[in-house]
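In structure tokens, the next block holds one chain alone, the form predicted alone.
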Amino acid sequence: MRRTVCLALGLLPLAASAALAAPHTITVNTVQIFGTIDPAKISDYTDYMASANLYDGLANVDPKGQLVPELAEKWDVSPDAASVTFHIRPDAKFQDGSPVQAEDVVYSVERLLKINQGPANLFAGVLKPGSVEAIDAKTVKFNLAKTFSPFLATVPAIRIVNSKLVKANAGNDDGQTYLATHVAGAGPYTLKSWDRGTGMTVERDPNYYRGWGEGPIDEVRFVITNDEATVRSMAASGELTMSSQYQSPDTYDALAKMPRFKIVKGETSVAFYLKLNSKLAPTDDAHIRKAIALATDYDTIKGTILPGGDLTGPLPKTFAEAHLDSPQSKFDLEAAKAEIAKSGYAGKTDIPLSFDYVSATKFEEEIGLLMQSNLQQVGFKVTLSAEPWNRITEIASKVEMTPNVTEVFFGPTYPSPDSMFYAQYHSKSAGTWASMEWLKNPEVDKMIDDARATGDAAEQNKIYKALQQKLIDDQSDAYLETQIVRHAMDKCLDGYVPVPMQSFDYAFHKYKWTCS
């Protein structure tokens, strides 16, 4: 008996240790599908969320928008800013254990440019085939085809793939088929399972080259649902660990009353717009666009339906030095009627207007119904359509398919005002969900290009302010609000901090489980 007791006592420290090391699995809901995990094709918030966990880049972004090392331990910018040389960490390795080398960076960029989707538009005219060269196994040099002042800010969007692995599975499409369902990265998590319509599960790579802190998150289950009742049910049952940032205020209030949850908030650079198709009648008429903006009840939208911050133009105020201090848009139905009277539709009633929003998203539906009511009071006949997100990205590809009005969130994919302007308003971005305005305006293009080409910050900000005024005068969009992110999170989960780069704040390597 003494021997049994001693053995049992001897096992106590092991048992305690095992309890502390128990795996931590969290469940997070997202409101739209993961469209792709191929880092050369990512474009929206769920794509970047997957990428931020499955892949690493040469550099990352901190909460202040500053570039911080990731695969690269340091970098040098040439005196003329025409080239940047990155020095890869000696211990950097892919998930299969092979080292990350300069040839992988070269291949990743060449593949990105060749496929010409997703982040490729960030580098149009800046990087060309052959622009990136391996100096040695751990040193890679980017030679810019032209001056591009935000270049360093865009580097985190380049996710590095294992060139040997992708080449071995390249097929006849540069590995697009392979990387549609497989991961070839150096990120902290590996892909465990993925069903496009229901969710994705990623699991921690214990051998991740940057290591792990205390209480690491071992597995993340992303469950796709934008149904508010389902989210509340998941929370009540104990299944949900962290809600999406796109729930209704009622759902956040309900979860806040549950003892297990805390509500975390953060002001972001994500803007919420009514995107107005400037090439499709009747919104091809600037007076009609202005009428729509004047028929928008901003206070009700950002104060009641979806609490948010002020957005007085196309650029959020978080970009303080470049932000134009313009008046808040006003809600005035009589002024809206006056704008219609100035348009080519003067005297007409039941002016047809197509209006789309993301299906099964309660607050977007409420905004759509509010807009329909207001717009019909001033002479429009509004056809509301609820579409799944993947359908909205499809219809954005052709001007005649793009609705007159679409509710869209857009945030920076790199921490620079250029990210907000180029992806939404430059002609080279037309045909994407971010650019449903279809501006194709040479004057706007020139302003964006000029700002990209100057290294003088004061001159750049002067251009950005003039650009904002131009877009406001032309009523490119109705500017609803900036997103104040709210998450209901289990009190044992810590790590959410807003980052001014799309979905990089959901890299779960930075999170930890605080309860034993």
Partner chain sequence: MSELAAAPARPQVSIAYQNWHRFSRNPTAVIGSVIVTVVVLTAVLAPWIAPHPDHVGSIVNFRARHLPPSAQYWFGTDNVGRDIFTRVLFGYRVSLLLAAVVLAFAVPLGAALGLIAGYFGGWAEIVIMRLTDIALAIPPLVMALAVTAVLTPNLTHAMLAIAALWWTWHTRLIFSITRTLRAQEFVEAAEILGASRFHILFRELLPNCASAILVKTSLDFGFVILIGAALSYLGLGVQPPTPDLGTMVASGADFLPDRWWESMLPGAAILFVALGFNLLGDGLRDLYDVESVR
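Nothing here was measured: the structure is a model prediction, and the numbers come from that model. Residue numbers count along the first chain shown, from 1.
Just so you know, the form predicted in complex with its partner chain exists too; it's not on screen, but the next bit is about it.
Checklist entry - Would Asn121 show up as a contact with its partner chain in the model of the complex if we use heavy atoms at 4.5 Å? => result Asn121: no contact with its partner chain in the model of the complex.
Checklist entry - Is the gap between Tyr357 and its partner chain in the model of the complex 4.5 Å or less for some heavy atom pair? => result Yes, Tyr357 sits close enough to its partner chain in the model of the complex that at least one of its heavy atoms falls within 4.5 Å.
Checklist entry - Looking in the model of the complex, any heavy atom of Asn116 within 4.5 Å of its partner chain? => result Asn116 lies outside the contact set for its partner chain.
Checklist entry - With the cut-off set at 4.5 Å between non-hydrogen atoms, does Thr201 touch its partner chain in the model of the complex? => result Looking in the model of the complex, residue contacts with its partner chain do not include Thr201, since no heavy atom lies within 4.5 Å.
Checklist entry - Are all three of Asp250, Leu369 and Ser373 close to its partner chain in the model of the complex, meaning a heavy atom of each within 4.5 Å? => result Yes, because Asp250, Leu369 and Ser373 each have a heavy atom that approaches its partner chain to within 4.5 Å in the model of the complex.
Checklist entry - Given that its partner chain is left out here, which of Leu384, Ile395, Ile224, Ala430 has a heavy atom within 4.5 Å of it in the model of the complex? => result Filtering the options by heavy-atom distance leaves Leu384.
Item to check | Listed residue that, although its partner chain is not shown, lies within 4.5 Å of it in the model of the complex (heavy atoms), from Thr181, Thr304, Gln328, Asn143 | outcome: It is Thr304 that has a heavy atom within 4.5 Å of the partner.
Checklist entry - Thinking of its partner chain in the model of the complex, which stretch from 229 to 237, 70 to 78, 95 to 103, 203 to 211 has heavy atoms inside 4.5 Å of it? => result So the stretch in question is 229 to 237.
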